[in-house]
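Next up: a single chain in structure tokens, the form predicted alone.
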Amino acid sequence: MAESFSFFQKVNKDFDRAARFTDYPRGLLEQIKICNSSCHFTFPIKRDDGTIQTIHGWRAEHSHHKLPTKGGIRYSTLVNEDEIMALAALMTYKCALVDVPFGGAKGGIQLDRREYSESELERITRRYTYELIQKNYIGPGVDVPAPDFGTGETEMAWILDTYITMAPDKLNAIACVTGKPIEQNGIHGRKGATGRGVVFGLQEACSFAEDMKPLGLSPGLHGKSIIIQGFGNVGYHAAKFLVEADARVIGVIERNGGIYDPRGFDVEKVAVYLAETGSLRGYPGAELIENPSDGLELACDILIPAALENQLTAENAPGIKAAIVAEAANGPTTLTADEILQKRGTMIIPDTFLNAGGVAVSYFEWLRNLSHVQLGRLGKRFEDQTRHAMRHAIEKATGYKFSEDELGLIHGADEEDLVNSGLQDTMITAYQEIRETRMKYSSENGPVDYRTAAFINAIHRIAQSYIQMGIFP
């Protein structure tokens, strides 16, 4: 069964479903929903063999209710205007949902990075940045990119270097992009932030016994079986932190096949094998998943699509056996698949919430760059001294001697501690708000799903911003 809606139309359908539960004027809702600005540009690039190729790039700024706008840059053959506008819209709702003061944006270049050398990718990235500068689509107070599918710290460093050579304000130019290397004014904890946020979100969602009981699950992540589709930055870190939380990653799916073992995998070994061979095929002791789509239908407690959009479809949704679908990717579930899974009672934890860890920590990085102070630097030594003074007082008063392990816990918070604490609080608070909204709007006519509840919360926050501006009564 073919899906009849584009990605952006799908996002707007989700918006409309939630908007029915609000009483805002139609004009205000239309303003929230529409993509404010989108730009498609082309430029030539000289390949290493001397040939010239035309590159297609896009940048969309969905909402200017908050500035700057914020959103990643992806390198993928699937990049087009509809996808970029849809992802920019999701960023708007995501930022509002976790109360991060950005409008949503997104960018992308239509290419398969595996077909280009490092030097070619650098030239493409720098030229793309130049186009963003010329069209006023980048700047610390204008639009702040970040990594996404197919990009990472290296590309963000190239963007920073290109921007800073042309920026009139050199002092704050470092805040023009987030997800940078630590050595280039990045922040500790950003690389794994989206994956860690997925785990914080899952921990909170699974903590309510009354919500787990209808799914046939016990509270908590302990012993839960996990299948992850997509083992890039987000999928790897989600798997790593899930195992640390005592869950079992029993399946890993990549584009050219996957692996399955009900006993669970050593995530680090899988990552090393994938990096060395470029594939999961032949991984020792694992059952091969020949067709990646088949892996989505294996029995597990939690299925985590962490790759691209439109992975759970009308074709495979009837066969999905997971009690929980945790959307670590953007838009992985089509409208029809969503309806099929909801009717069956599957709990879908939506992308607008679950993968918001990246933008939350990007916000911390942006603040750090503008303040020019490493988080925790001013107070860490004072906290160290205070806590050790308390330890000495306790030992003197009680005669109790702290062990080496206990002493290791007595230290002031460093940057990564603060980042992870802020991320955890962000995810917990947002989930609790979603859950409260779901309970508030559910009735005898049926429950409101978590995606709709998340959109309701986002719409409320964005609408209030417009109302406070005096644009709408």
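Because the structure is a prediction, the values reported are computed rather than measured. We number the residues from 1 along the sequence you see.
The same protein also exists as the form predicted together with a small molecule; that form is not shown, yet it is the one meant from here on.
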With a 4.5 Å heavy atom cut-off, would you call Asn355 a contact of the small molecule in the predicted bound form?
yes
Is Ala146 close to the small molecule in the predicted bound form, meaning a heavy atom pair under 4.5 Å apart or at it?
yes
May I ask you to check whether Thr178 falls inside a 4.5 Å heavy atom distance of the small molecule in the predicted bound form?
yes
At 4.5 Å between heavy atoms, is Thr333 in contact with the small molecule in the predicted bound form?
no
The small molecule isn't shown here, but in the predicted bound form, which of 309-317, 267-275, 91-99, 333-341 has heavy atoms within 4.5 Å of it?
91-99
Sort through Val359, Val198, Ile138, Ile253 and report the residue having a heavy atom within 4.5 Å of the small molecule in the predicted bound form.
Val359
Counting non-hydrogen atoms within 4.5 angstroms of the small molecule in the predicted bound form, say which of Gly235, Pro350, Gly71, Gly258 makes the cut.
Gly71
